[in-house]
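Given as structure tokens, the chain that follows is alone and in the form predicted on its own.
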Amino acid sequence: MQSHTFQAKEIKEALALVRRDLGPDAVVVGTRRIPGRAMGLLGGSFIEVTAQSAAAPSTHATKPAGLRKPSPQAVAQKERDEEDNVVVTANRHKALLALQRAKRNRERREPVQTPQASIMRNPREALSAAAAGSIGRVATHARLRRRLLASLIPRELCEQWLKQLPAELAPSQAEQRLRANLRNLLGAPAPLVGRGARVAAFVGPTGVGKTTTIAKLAAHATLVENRKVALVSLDDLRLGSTAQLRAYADVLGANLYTCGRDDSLARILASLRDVELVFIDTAGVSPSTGTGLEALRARLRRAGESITTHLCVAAATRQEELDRILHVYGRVEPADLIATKLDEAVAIGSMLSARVQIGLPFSFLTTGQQVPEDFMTANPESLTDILLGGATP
């Protein structure tokens, strides 16, 4: 049987080409992702699908009596199943490569950090530190005010912090005092689960990285802490919504459970009594409407055991949008904040001001797409360094 190759930017487009040229009964025999340069593009990548047409029926075969043509619903379901299987295969391959890369990184020795390496790694931070030491003649408060405002700290909160610094302090002493005050305000990071609990749910707007964050934390618990974990998805609204989570679950050897609207979360959790940690993924909800948050809160409350809810927010979120998110997602009573995508944020002042103003502690920070290495505990020292650009010289 002859194989045919189809190329497209997305898996859905490639499958559409397969069905168009080979018919709805075509068999997908392989998929792979190839760098976009091979397609004549300057960047990105594309999906290549290899498929074969269905075997032609024998000319001597007779049509069984009573055989009916499949219904449109059955054909549509078959197409969705084929699409999900291909997505799962691609995502499982991607997850396996990510975990293998993480293992190699852990086996390498940590390189010695020299001043030159620090400059190459973060030139903006190095320039900020150099500038701080060269403008000693500028008033201490004015210098710190500029740094705080440049980090997107609201002016009112900025002035409140500066009032706590005596004017007679030298520049280095004033910065040390400000750092100490900020560490006290931020406090210790929140834990993954509360005392005596084992279930963590992750909520937040669409696209903030909830599923990737769960994959990082679950991989860390499995590979580093050697704990038994399970994954539960409440995101039953989107086609293929669990494909990425299923790929990571397969690689980690963890069970994945999909809990539909009519399913009982309490029943699923009761069947996982031998699991040390349960991670719950939820559907993204638009902060402009908040539709579905009341139902989500009711489902979590009826779970039959304590659940620690983490609110995931992109670190680059602007203050006005962040205020709206915090107000809307207050309905599900989050225990803490997870700042995601720090690598995409120019400044995190709005996130830190939210921590101080609403009293929700941070638990974790995510710093990239690599699983599981691109996350860290949100300790106050790290947050202060991110805000002010490194430790006091």
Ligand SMILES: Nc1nc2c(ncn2[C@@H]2O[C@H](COP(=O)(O)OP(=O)(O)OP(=O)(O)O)[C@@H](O)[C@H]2O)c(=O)[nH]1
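Residue positions are given as counts along the sequence shown, with the first one as 1. None of these values were measured; they are calculated from a predicted model.
Form predicted in complex with this ligand: not shown, discussed below.
Student: Could you spot which one of L234, A218, A247, V208 gets a heavy atom to within 4.5 Å of this ligand in the model of the complex?
Tutor: The option sitting close enough to the partner is V208.
Student: Just to be sure I understand the contacts: of P171, P189, P287, G284, which is the one whose heavy atoms reach within 4.5 angstroms of this ligand in the model of the complex?
Tutor: Contact check passes for G284.
Student: Between this ligand and K341, T366 and Q369, in the model of the complex, does every residue show a non-hydrogen atom at 4.5 Å or closer?
Tutor: Yes: K341, T366 and Q369 each sit within 4.5 Å of this ligand in the model of the complex.
Student: Does this ligand get within 4.5 angstroms of any non-hydrogen atom of T212 in the model of the complex?
Tutor: T212 belongs to the contact set for this ligand.
Student: Heavy atoms within 4.5 Å of this ligand in the model of the complex: which stretch in 342-350, 356-364, 45-53, 26-34 meets that?
Tutor: Within 4.5 Å of the partner lies stretch 342-350.
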